[in-house]
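Before any questions on how it binds or moves, here is one chain, the form predicted on its own, in C-alpha cells.
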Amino acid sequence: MAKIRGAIVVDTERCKGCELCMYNCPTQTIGMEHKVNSKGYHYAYMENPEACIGCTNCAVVCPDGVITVYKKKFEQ
C-alpha cells in the first residue's frame, strides 16, 4: 500500500516569521529558522520533514502565500 508524504517549500525572502504555519501544523513539521532573511525575519522551514503528511494547513493559513506544498506517494 502506498503512503502519502508531503514536503513544503518556503519562499524565505518573503516569509515574515508570523509562525501561523508552525502552530497550525498537526504533525509539528515546521519550525522557525535561527537565521534571518534579508528583511531581518526568522523564517519557516521543515524541521521534521519525515513527519509531513501534505495536509496543506500551513499554506492555507499563511497570510503572505509563501508556502507551497507537494505530495508524493511512497511504496512501503
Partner chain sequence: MDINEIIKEENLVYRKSAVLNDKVFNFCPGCGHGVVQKLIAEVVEEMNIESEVIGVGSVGCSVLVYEFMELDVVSAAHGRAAAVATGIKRVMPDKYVFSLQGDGDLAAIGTSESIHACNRGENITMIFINNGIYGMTGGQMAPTSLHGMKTATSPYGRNEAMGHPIRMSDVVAQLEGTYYVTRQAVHTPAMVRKAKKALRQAFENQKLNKGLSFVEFVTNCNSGWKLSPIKANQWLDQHMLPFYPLGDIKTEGVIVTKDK
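Computed from a predicted model, the values in this text were never measured in an experiment. Numbering follows the first chain given and starts at 1.
FYI, the form predicted together with the partner chain isn't displayed, but the following is about it.
The partner chain is not shown here, but in the predicted complex it comes within 4.5 Å of a heavy atom of Tyr41. Of the heavy atoms in Pro49, some are within 4.5 Å of the partner chain in the predicted complex. Contact annotation: Asn57 falls within 4.5 Å of the partner chain in the predicted complex, judged by heavy atom distances. Interface residues of 57-74, taken as those with a heavy atom within 4.5 Å of the partner chain in the predicted complex (partner not displayed): Asn57, Ala59, Val60, Val61, Cys62, Pro63, Asp64, Gly65, Ile67, Thr68, Val69, Tyr70, Lys71, Lys72, Phe74, in sequence order.
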